[in-house]
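Form predicted alone, single chain, as structure tokens, below.
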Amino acid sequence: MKRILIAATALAAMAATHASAADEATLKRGEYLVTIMSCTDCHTPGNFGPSPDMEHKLGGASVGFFLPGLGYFYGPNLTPHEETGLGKWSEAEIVTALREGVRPDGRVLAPIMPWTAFASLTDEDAFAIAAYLKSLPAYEHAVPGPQGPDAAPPAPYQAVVLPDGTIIR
């Protein structure tokens, strides 16, 4: 009986070690994908400036976009903060937003978010991104919600240049 207990304990320890290694590999893959997909460009305070706030990486934009006919959009906080980030979103909901462009509340993401480019992510890669985002330190930072094209911009923004060279705002 003692041998069985020792063997069971050893197997449990090996399984836990394997799960931790798999989790670490998944998080590393998620971090890699978030990096090459340039998520920090639109979702980090100080984005588009000389000194992005990488201490609060993916904590939400401080500069948004103006899209002609649509309005002002600011990259949201992607950290797991319960009130201002993705803390209440499940990993499956994050994956749906990434690949289908739809938030848990049903709102469709602004076209500046390249979800159509992410639509073909494999389940493994999409869930690695979601796991990585959920692993970040929670950062309390609310960004302005979307505003219509006739609203006053709630924070600094970039204008969109149309293909014919026309600068909008």
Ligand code: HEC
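Numbers for residues come from their place in the sequence shown, where the first is 1. The model shown is predicted, which means the values in this text are computed figures rather than measured ones.
Below: the form predicted together with heme C (HEC), not depicted.
Taking the partner from elsewhere, no residue among 60, 87 and 138 has a non-hydrogen atom within 4.5 angstroms of heme C (HEC) in the predicted complex.
Contact between residue 118 and heme C (HEC) in the predicted complex is found at the 4.5 Å heavy atom cutoff. Heme C (HEC) is not shown here, and in the predicted complex it never comes within 4.5 Å of any heavy atom of residue 142. A residue is said to contact a partner when one of its heavy atoms sits within 4.5 Å of a partner heavy atom; residue 127 fails this definition for heme C (HEC) in the predicted complex, lying far away.
Proximity of residue 28 to heme C (HEC) in the predicted complex falls outside the 4.5 Å heavy atom cutoff. In the predicted complex, the residues of 29 to 46 lying within 4.5 Å of heme C (HEC) by at least one heavy atom are, in order, 37, 38, 39, 42, 43.
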